[in-house]
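Next up: a single chain in structure tokens, the form predicted alone.
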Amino acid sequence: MKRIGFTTTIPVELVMASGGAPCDLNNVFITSENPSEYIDFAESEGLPRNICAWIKGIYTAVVRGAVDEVIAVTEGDCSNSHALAELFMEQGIPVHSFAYPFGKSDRLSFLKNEFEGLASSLGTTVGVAMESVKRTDRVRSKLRELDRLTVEGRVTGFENHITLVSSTDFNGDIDTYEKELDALLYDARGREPSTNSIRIGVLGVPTIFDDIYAFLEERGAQVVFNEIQRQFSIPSTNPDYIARYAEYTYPYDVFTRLEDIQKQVEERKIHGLIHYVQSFCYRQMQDITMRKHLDVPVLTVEGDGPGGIDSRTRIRVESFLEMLEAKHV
């Protein structure tokens, strides 16, 4: 089976309909035995030091043969994706393209054209992909239950994070993914809710820190919302398959994201938000707008390479939690 990698979330059902195995290249990088070595390799190949670690990780994963073909998302994600795709093409690696629109007025019609174009490039059709949609719909409904149990404190913030972030490609095997999800849900339904009293939401791209969830929970916080990971799971239940990707907030403007965040803050009774930003990512600038429009305290933390939280960030997070505890508990 052909392994088809992608640089960010795409309509994975099109890959499944083509007979390929979906592979989120971000997950290949961050779950490797030594992700830092991926970055070192990319820099040794000439990628600049001041480019996001995720781009360098994706580059190494592809050139080392993790996938046979690549779907590059050229609008709605990293601004470096164009040049990254060109590097792959220069090395003879087949590249398909997919784009999300910037504007709102023609979003659905733009997406319909992109869906049809990607399906054709992969050798299938959107109509054929609807059979795969039936399969993923069953799993996505279980992911919505997982998220509900997270709000109740029966699923940890880390379990929520790792399960939702893996839903972009269902770990390349949706049957095994669903079995593991079923086991987690069965276990979580029987748990007592967390007694941690500080309710936290985590915004931004998935963190490159590997210990931030454990750190937060050890200090009395309960993560009840992972913004982007939830979006990666395509939470919309719109009966129009393509419209779900028009309601998926990640690739669009910050105001679309803010509408979702404000709603979730209210419904999940969130006390404070941690906004994770990745070094050298354009999304860092969106932090300015978010802070102006959010009504709960926001702590912005920045990460660069893979690993644990640095000591300065630990102190800032601890102070933030102490402030929230004094205010709400």
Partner chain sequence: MSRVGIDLGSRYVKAAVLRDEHVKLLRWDTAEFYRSFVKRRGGELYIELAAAGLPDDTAITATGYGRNLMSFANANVISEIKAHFRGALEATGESDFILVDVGGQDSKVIYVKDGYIEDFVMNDKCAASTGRFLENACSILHVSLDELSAMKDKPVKLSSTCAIFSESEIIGKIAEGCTTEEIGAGVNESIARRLLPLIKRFRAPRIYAAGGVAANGALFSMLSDMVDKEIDILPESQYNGCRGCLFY
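No experiment lies behind these values; they were computed from the predicted model shown. Numbering follows the first chain given and starts at 1.
Although not depicted, the form predicted together with the partner chain is the subject of the following passage.
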{"item": "Close approach of residue 219 to the partner chain in the model of the complex, 4.5 Å, heavy atom", "value": "yes"}
{"item": "Heavy atom of residue 326 within 4.5 Å of the partner chain in the model of the complex", "value": "yes"}
{"item": "Touches the partner chain in the model of the complex: residue 215 (any heavy atom, 4.5 Å)", "value": "yes"}
{"item": "Close approach of residue 64 to the partner chain in the model of the complex, 4.5 Å, heavy atom", "value": "no"}
{"item": "Residues 291, 312 and 318 all lining the partner chain in the model of the complex, heavy atom within 4.5 Å", "value": "yes"}
{"item": "The partner chain: the contacting residue among 298, 265, 52, 30 in the model of the complex [heavy atom, 4.5 Å]", "value": "298"}
{"item": "Per-stretch contact check against the partner chain in the model of the complex, the hit in 299-307, 256-264, 42-50, 64-72 (non-hydrogen atom, 4.5 angstroms)", "value": "299-307"}
